[in-house]
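Listed next as structure tokens is one chain, alone, in the form predicted alone.
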């Protein structure tokens, strides 16, 4: 029975992994190494600012191990969503690290870079053709949204990776990509069941998170065969169980039966999870369905202003009991003091930790039951100077506010940091979170090939 072996070293490039686990994976003779390098979990800032949410030194450490292993074994290394957000600045950032390592280590290989940046002109044309649809509850896209966007990317599927592999690339550094597709591309290229390949990719994308105990910074190994795939963690302290793998199949999904992706639906209704031994799980029954149309997800961000925050603690039970009324009065004071400034130029939010700081209006138990609370004063304004001004005023007013029943007058807040006001800088928000129809799965993902000859540069 033919098989293909995939090594996933870490949940996100730069999160790290034990060298011992990685070496164990190499001894199992993988046919490729795959790694996801990005996510929208860190929010819209990184796409807008064009910087990575992972540290350069940490990414370089991981890449040194991955590149040396891939070149030594002569196997492909596939990297998706390079630099965190997967736009061209992030892509180039990651490519520069790859070339730096190649020069230092004397490595030679053929590299493909795949851009995921989308032009505004292209999206506007798609809007006119009614080929851009929202991911609910996002509203319909408008040309105004496109104009306001600082940067827009699309999530590529397996096809650009396969095209790069067919062109002879050994190292592929790709922009924004659908996570499972990075790990499924080679298997699909080699003729394996695409449903099984993508399901295995879904498990491998987060590395050992699908194990017990789970970890995003440890290695996982996958083997795909004709009618099933198997996954196993490479750290002997971890194990896969039928429950842990089935649970991760549901990770970040709103439908337990279908896994959506570019141009397809992976049908999970008839999946079975079988424990081969105490550490390995075998999965059968995943099916692949092609979509009638091929859609990719678009991610775009616009700049909304600048942020300043202040973090403070409150322990007085008298103040805690009436915190909502107090904060209403603080907002009223802000509006009165700065009545010469339009309210559209700034927003002030008080996040109360110990009550609903995490879930906000969705918090099912809004009553404060703790003996202390944390308050984050969050101000976003059109300029950094205005954000600083409003936050400073809100902090000082709340610090000395004379609420009913107050006994101590030395100050209402405890500050863990000095300075108390933290200038965060530019603020972005997602304003494009839609699906766009493609005629060709590779049409907006150009591939550039080059021979990296680090061994000749030394």
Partner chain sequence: MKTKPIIELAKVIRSKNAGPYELTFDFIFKDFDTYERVKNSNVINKEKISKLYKISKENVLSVIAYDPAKAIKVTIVRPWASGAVEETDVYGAQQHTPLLKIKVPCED
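In this text, rigid core is short for the largest set of C-alphas that superpose within 1.5 Å between two forms. Not measured: the values here are computed from a predicted model. Numbering follows the first chain given and starts at 1.
Omitted here: the form predicted in complex with its partner chain. The next part is about that form.
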{"item": "Contact label in the predicted bound form: residue 357 to its partner chain, heavy atom within 4.5 Å", "value": "yes"}
{"item": "In the predicted bound form, residue 318 touching its partner chain (heavy atom, 4.5 Å)", "value": "no"}
{"item": "Close approach of residue 27 to its partner chain in the predicted bound form, 4.5 Å, heavy atom", "value": "no"}
{"item": "Exercise: residue 133 in contact with its partner chain in the predicted bound form, heavy atom 4.5 Å", "value": "no"}
{"item": "Stretch in contact in the predicted bound form with its partner chain, which is absent here, among 411-419, 35-43, 62-70, 395-403 (heavy atoms within 4.5 Å)", "value": "35-43"}
{"item": "289, 371, 129, 253 - the one with a heavy atom within 4.5 Å of its partner chain in the predicted bound form", "value": "253"}
{"item": "Sole residue of 307, 151, 238, 282 within 4.5 Å of its partner chain in the predicted bound form, by heavy atom", "value": "307"}
{"item": "Contact test, all of 74, 166 and 277, partner its partner chain in the predicted bound form, heavy atom 4.5 Å", "value": "no"}
{"item": "Its partner chain in the predicted bound form - contacting residues of 136-151, heavy atom within 4.5 Å", "value": "136, 137, 138"}
{"item": "Is_shifted residue 350 between the shown form and the other one (CA, 2 Å cut-off, rigid core)", "value": "yes"}
